[in-house]
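Structure 1 and structure 2 below are the same protein chain in two forms, each given by itself as structure tokens.
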Structure 1
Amino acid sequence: MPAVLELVEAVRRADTALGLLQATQALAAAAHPESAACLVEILGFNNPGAAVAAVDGLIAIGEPAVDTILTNIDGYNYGARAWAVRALAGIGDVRGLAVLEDALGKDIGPSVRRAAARGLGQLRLAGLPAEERHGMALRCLQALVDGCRDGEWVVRYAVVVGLESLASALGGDGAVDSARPRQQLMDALRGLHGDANEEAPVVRLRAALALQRLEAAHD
């Protein structure tokens, strides 16, 4: 039996939380594309330690895991969806964009929206033609700007982090006008930083940090 199937078999045989964690860590370390389906399945097992390891494994597999993740998004288990979106965010493949937009805008699970907000800031746009890259960056920006109004502090926090990392995708491009989107991004951060009604001081503080870093980088 090929090694990866043995590792999958070990996950299936695990009958304790610790056993599952260890089997998942071994499978994830192999980073083999054929393990993706099993790793995605583990995301729904309600074992946070194993899920962390499975997400790491999926990110290590990278692009070959994206289709498997996208076709197995669990519509009924938001814990599992959150981990899947987290894996998509970590891989940064642009095929995940629509799922991330949808997740931030509509998902009922705050942990799903939170992971999506982070992911929208770190899609790997660099290899794309300028027009396409710009269009996608604008879609990310729009989704994140809308996300500033999310009702959960942790999602707003993640929006700040997403906006900060998106800034590099908006700047330094002579082919298309990037000044206005950048302005919009900075305005969104300033809005979060200055919101006197913000219940979570940590959100305002994180926005202050993002502004400080972006302004320093731009000078």
Structure 2
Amino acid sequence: MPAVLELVEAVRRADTALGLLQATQALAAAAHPESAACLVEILGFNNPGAAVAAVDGLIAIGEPAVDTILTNIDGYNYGARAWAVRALAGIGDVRGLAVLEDALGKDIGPSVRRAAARGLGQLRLAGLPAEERHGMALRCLQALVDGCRDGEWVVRYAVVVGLESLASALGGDGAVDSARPRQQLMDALRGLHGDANEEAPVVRLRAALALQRLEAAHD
């Protein structure tokens, strides 16, 4: 703990962009839960390099950082919110679901929507009660299906990745009907693969790969 306080103090003392970056990198490397509040604060600074390091540090801390991120999201600072979305997507805790849904559907930044799409496909749902797990998986599915219509190809590509990752969470476990959601997921991928108006061939190719993998796994 004293070492973490010293690292936090080094961030406070930094008086140049490079100094802040280096201090943030050192704090992030510690990956200590007590550093989460300072790392979240750094997300709001006008220093992209330090923000990237802070996001990496928050992801390394993992679940213990989630409450701090959620309670300190700055609705008036777009940059800070965008970085927070990236951190929540990387952590994959279900408490970030609402933020990721909102980001994919409404955020003005394609890179933020892309991170949200990937995050929605990789939420850590294992260990939840079956009904709760299924309900959250359906929310992720709906957000990703809606994301298929995103105007940016990088987001649509991330949606494909998210859908493929989500498929396992929609698998049947006897407690819920999984056939319809899985069909909806596959139909969304087929729609992206077969879209003659798709401007980026890589999206269609990635959808084809996802379909191939999922169909092979289901056989």
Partner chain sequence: MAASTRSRLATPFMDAGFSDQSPLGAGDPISEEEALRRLRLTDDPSAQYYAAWWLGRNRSTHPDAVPLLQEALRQRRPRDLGAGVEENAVARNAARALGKLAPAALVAIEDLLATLEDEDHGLREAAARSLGELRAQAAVAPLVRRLATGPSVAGAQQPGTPRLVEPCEALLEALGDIGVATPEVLKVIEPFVQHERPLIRSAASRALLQLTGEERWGQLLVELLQHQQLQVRRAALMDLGGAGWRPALDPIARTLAENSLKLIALRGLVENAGPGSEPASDPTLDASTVAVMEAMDALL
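When a residue number appears, read it as a position in the sequence of structure 1, where counting begins at 1. Remember, predicted model here, so these are calculated numbers, not experimental data. Only the largest set of C-alpha atoms that superpose within 1.5 Å between the two forms is called the rigid core.
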Which of the two structures shown, 1 or 2, corresponds to the form predicted alone? 2
Here the smaller rigid part turns relative to the larger between the two structures; that angle in degrees is 14
Residue 24 CA shift between the two structures in angstrom, with the core used for superposition: 3.5
